[in-house]
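One chain comes next, on its own, written as structure tokens: the form predicted on its own.
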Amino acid sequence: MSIGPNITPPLADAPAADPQQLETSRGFWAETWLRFRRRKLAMVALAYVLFMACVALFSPAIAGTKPIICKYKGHIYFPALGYFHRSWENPIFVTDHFRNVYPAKLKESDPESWALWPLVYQDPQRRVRADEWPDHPANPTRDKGHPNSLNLFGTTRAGVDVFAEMVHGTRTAMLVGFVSMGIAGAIGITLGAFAGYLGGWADMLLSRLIEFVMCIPPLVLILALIAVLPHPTIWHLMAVLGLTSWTGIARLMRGEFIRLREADFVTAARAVGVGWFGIMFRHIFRNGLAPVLVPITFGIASAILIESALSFLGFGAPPPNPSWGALLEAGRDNLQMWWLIAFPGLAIFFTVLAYNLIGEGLQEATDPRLRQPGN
């Protein structure tokens, strides 16, 4: 009788892991992202929005007449930041009378200076004059500003480059959408959470507040604000849109909190002594946030449309802030200048479409009723 090692042969008939069980073992957000990635149009839309965000962030490096970085009189400066806010452009260039024309003035005032320039030498706020840049003619004006190699999207009647205005106008569109819906999301989620969790008189008062705000037309309030304020800015527009767009988010969050406040995990949290604030924003909030992302995404698209419509009517972002809607308004009275309508109109269309596709993808990825087998 031989004695050998006790080796147990592998079970050939062992059941394989069920892919569906592996899928359900993932966390909610990991599963949502996996389902969202399977929607090709939603992923293309997300890539487009990320691209537009990069354009907005790096717009001074894409199109402009101010150096991205320069060395002047022994110091390093970033004049292109003046496109974000005028105060960010160093005052030395004002005291030295540059008048926003840097190429010749830099060498004239400091022969040892150097600069890194944007990809396209065009300004979103003024016309580029002749020989301002070496071998660069003046921008054409009126209806002669057809798209060409130097003015990719043509020019306005005043000779301002449309491509530069489009690039810097992306910043306005992105800001209006994200800031206004950031305000709306913060207000709607907070008030909806308190109304849904506390219930009783708190729910009654907050519900009446939601119904009251729903009766206020945002456009009428914006026009009234423009009439009252002596110098309205784009930030006033964002604030009004945010303060009037949170009601749908609040009602949805209220419904989610009412549904989840009696769930088993909430009962268990109360049993171990977790306070009401911790239950609200540590347990219920994380489980009820997903459906709220959908109206926020659609709200960003709506805010961009409203800003463009106001700019088209002449009530949008005041100069010198570039805006796609303002370009459309400039083309309204000059229909022969088709490039003033085509390019900003396509930008608005594709941006709003992209946000709507992202919202639709999120809705399908987070709502179990809309999930198809195998998706």
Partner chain sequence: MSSYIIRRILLGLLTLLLITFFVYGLLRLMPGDPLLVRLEMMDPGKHMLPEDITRMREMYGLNDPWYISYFKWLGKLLHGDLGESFTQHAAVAHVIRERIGATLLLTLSSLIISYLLAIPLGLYATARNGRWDERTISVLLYMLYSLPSFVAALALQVLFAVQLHGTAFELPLFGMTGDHFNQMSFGGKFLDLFKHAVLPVACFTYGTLAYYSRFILANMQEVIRQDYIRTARAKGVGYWRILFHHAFRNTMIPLVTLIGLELPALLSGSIILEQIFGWPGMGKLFFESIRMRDYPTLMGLILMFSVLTLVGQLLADICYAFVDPRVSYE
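Small disclaimer: the values here were computed from a predicted structure and weren't measured. Numbering follows the first chain given and starts at 1.
This next part talks about the form predicted in complex with the partner chain, which is not shown.
Each of L305, I348 and L357 comes within 4.5 Å of the partner chain in the predicted bound form, counting any heavy atom.
In summary, the region of this chain contacting the partner chain in the predicted bound form, judged by heavy atoms within 4.5 Å and restricted to 129-137, 69-77, 154-162, 222-230, corresponds to 222-230.
For the options A186, A202, I216, V94, the one in contact with the partner chain in the predicted bound form, meaning a heavy atom within 4.5 Å, is I216. In summary, among the residues L335, L34, A47, C54, the only one with a non-hydrogen atom within 4.5 Å of the partner chain in the predicted bound form is L335. At least one heavy atom of R208 is located within 4.5 Å of the partner chain in the predicted bound form. In the predicted bound form, the partner chain sits within 4.5 Å of a heavy atom of F212. Not displayed here, the partner chain is kept clear of M43 by more than 4.5 Å at the level of heavy atoms in the predicted bound form.
Within this chain, L328 lines the site of the partner chain in the predicted bound form, having a heavy atom no more than 4.5 Å away.
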